[in-house]
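Just the one chain here, laid out as structure tokens, in the form predicted alone.
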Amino acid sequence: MKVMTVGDVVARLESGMTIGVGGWGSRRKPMALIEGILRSDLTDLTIVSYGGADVGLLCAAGKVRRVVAPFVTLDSIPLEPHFRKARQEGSIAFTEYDEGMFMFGLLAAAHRLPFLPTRAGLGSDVMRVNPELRTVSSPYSDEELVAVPALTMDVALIHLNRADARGNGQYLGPDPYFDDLYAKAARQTFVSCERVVDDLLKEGPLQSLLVSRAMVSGVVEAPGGAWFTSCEPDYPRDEDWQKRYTTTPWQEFIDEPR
């Protein structure tokens, strides 16, 4: 059985780690686990994310050395303010990929490959702002392709609607948000969920079983654990609180009771 607490998960993390955070923008982010990191003394982290408030919170708290992302947004609020401030002040490094390139980086890591080729990024400024990227020639034609390096992570943190005590995870909303790729790409994966149940097939169809227990090191039952981001169909994004997050001075916001 793999049931843990948020504190147990944070105790397994170390400063300097590369941590992948599942979800997308302001949707189904593992916010309970992110808040656990905020309360810790962890620092110098590299965060790999289709970014949202997870990235902004960690940047504002001084936990981040580098962000690897295709975007950092709150969806209904286009620009994540704390990430933007960190970038403008130069307090973090940023590796920015096209969304498709980012997916290929996850796929490469999930399949234990050093890179995967793609056309995404060709002819764009992605190559200019990432001078370390290389191209490869197809062995079957003369075509040049971008060689996207694997986004290998020490740990992945994801939030799902349901899980069982063995580590199988289930999504019930409209989109898996690549959480399965994060779980496969990381050396360890920790899943928070709205509820730990005995029989996942009573909750949803077979196709909703997203993450296998073979990929999961621990499960945290965290009702409301994605709030203030959405976790459909359990609850929508809390737009009022998200707006408050973007307009309240950082220390005042972080000190407010949740």
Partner chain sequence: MSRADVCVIACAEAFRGDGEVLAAGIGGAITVLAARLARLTFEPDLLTSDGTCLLTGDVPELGAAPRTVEGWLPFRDHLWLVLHGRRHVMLSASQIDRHGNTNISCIGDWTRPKAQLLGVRGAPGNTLCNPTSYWIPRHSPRVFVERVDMISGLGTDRGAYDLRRVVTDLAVLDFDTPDGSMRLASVHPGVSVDDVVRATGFPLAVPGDVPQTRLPTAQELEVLRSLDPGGQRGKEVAA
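Because the structure is a prediction, the values reported are computed rather than measured. Residue numbers count along the first chain shown, from 1.
The same protein has a further form, the form predicted in complex with its partner chain, not shown here; the description that follows concerns it.
At the 4.5 Å threshold, heavy atoms of residue 72 reach its partner chain in the model of the complex. Although the partner is absent here, residue 50 is a contact residue: one of its heavy atoms lies within 4.5 angstroms of its partner chain in the model of the complex. Taking the partner from the other structure, its partner chain in the model of the complex has a heavy atom within 4.5 Å of a heavy atom of residue 129. At a distance threshold of 4.5 angstroms between non-hydrogen atoms, residue 154 is out of contact with its partner chain in the model of the complex. Segments offered: 133-141, 84-92, 156-164, 108-116. Contacting its partner chain in the model of the complex at heavy atom distances within 4.5 Å is 84-92. Contacts to its partner chain in the model of the complex (heavy atom within 4.5 Å) from stretch 20-48: 24, 27.
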